[in-house]
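Just one chain follows, in the form predicted alone, and it is written as structure tokens.
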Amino acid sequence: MTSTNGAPVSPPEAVEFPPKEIKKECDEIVARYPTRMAACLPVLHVAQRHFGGWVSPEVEAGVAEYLGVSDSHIRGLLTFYAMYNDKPAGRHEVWVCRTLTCWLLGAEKLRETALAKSGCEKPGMTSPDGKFLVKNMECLGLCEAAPAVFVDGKPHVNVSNEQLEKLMDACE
């Protein structure tokens, strides 16, 4: 593998995965599936939670090794699914639905509110103080009560800009 300037790039060194604190949980997840590969998504959720809200290249390599899949398979999952973070994330996550129903009912303004309140320049960025990560998300599955946001994994529906500001103020 080479970098954009032609210099050789070494793959990241895998961390020992899973660490003892989450080994039982990961092993129980793997046991529920017919193949180790099928357990990738839930194991990545556990890894992300354990390692501070994101999956580093070293953790990525460790998960791949543990599950017996390629690093590129894990990389593909991390970059395809928006609920995973492959760079350090804020202590609190604000997800704003960007699908049609929510957008028509004010999600664009909610996104602007979340960005302004957090100090993030654009969706997908962590605020300068490390407190927030604001993300555009595809359908949150709450179309009947749009617009919807998730704050730290908890759904909130029929959200106004003022309500979103209060939710963000409540984040310690």
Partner chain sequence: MAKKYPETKILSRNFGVENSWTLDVARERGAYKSLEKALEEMTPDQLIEEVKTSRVRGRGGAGFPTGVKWGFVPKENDKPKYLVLNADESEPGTFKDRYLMELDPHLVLEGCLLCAYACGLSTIYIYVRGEYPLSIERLEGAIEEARKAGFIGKKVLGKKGFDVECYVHPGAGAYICGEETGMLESLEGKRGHPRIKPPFPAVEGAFGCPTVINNVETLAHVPWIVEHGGQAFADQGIQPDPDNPKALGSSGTKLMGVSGPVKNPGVWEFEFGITVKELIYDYAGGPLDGREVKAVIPGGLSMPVLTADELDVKMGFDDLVKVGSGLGTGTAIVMDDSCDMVEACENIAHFFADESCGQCTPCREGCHWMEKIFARIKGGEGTPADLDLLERLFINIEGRTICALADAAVWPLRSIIRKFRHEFLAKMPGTDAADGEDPKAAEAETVGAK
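Positions refer to the first chain, counted from 1. All of these numbers come straight from a predicted model, not from anything done at the bench.
In what follows, reference is made to the form predicted together with its partner chain, a form of this protein that is not presented.
Participant: Using a 4.5 Å heavy atom cut-off, which of 113-121, 57-65, 30-38, 126-134 contacts its partner chain in the model of the complex?
Facilitator: Of the stretches listed, the one contacting the partner is 30-38.
Participant: Is Gly52 close to its partner chain in the model of the complex, meaning a heavy atom pair under 4.5 Å apart or at it?
Facilitator: Close contact is absent here: in the model of the complex, Gly52 is far from its partner chain, nothing within 4.5 Å, heavy atoms only.
Participant: Looking in the model of the complex, any heavy atom of Cys26 within 4.5 Å of its partner chain?
Facilitator: Close contact is absent here: in the model of the complex, Cys26 is far from its partner chain, nothing within 4.5 Å, heavy atoms only.
Participant: Wondering, does His73 line up within 4.5 Å of its partner chain in the model of the complex on heavy atoms?
Facilitator: His73: yes, in contact with its partner chain in the model of the complex.
Participant: Although the partner isn't part of this model, could you tell me whether His92 comes within 4.5 Å of its partner chain in the model of the complex, counting any heavy atom of the residue?
Facilitator: No.
Participant: Suppose contact means any heavy atom within 4.5 Å; which members of 51-81 contact its partner chain in the model of the complex?
Facilitator: If the 4.5 Å heavy-atom criterion is applied to its partner chain in the model of the complex, 51-81 yields His73, Gly76, Leu77, Thr79, Phe80, Tyr81.
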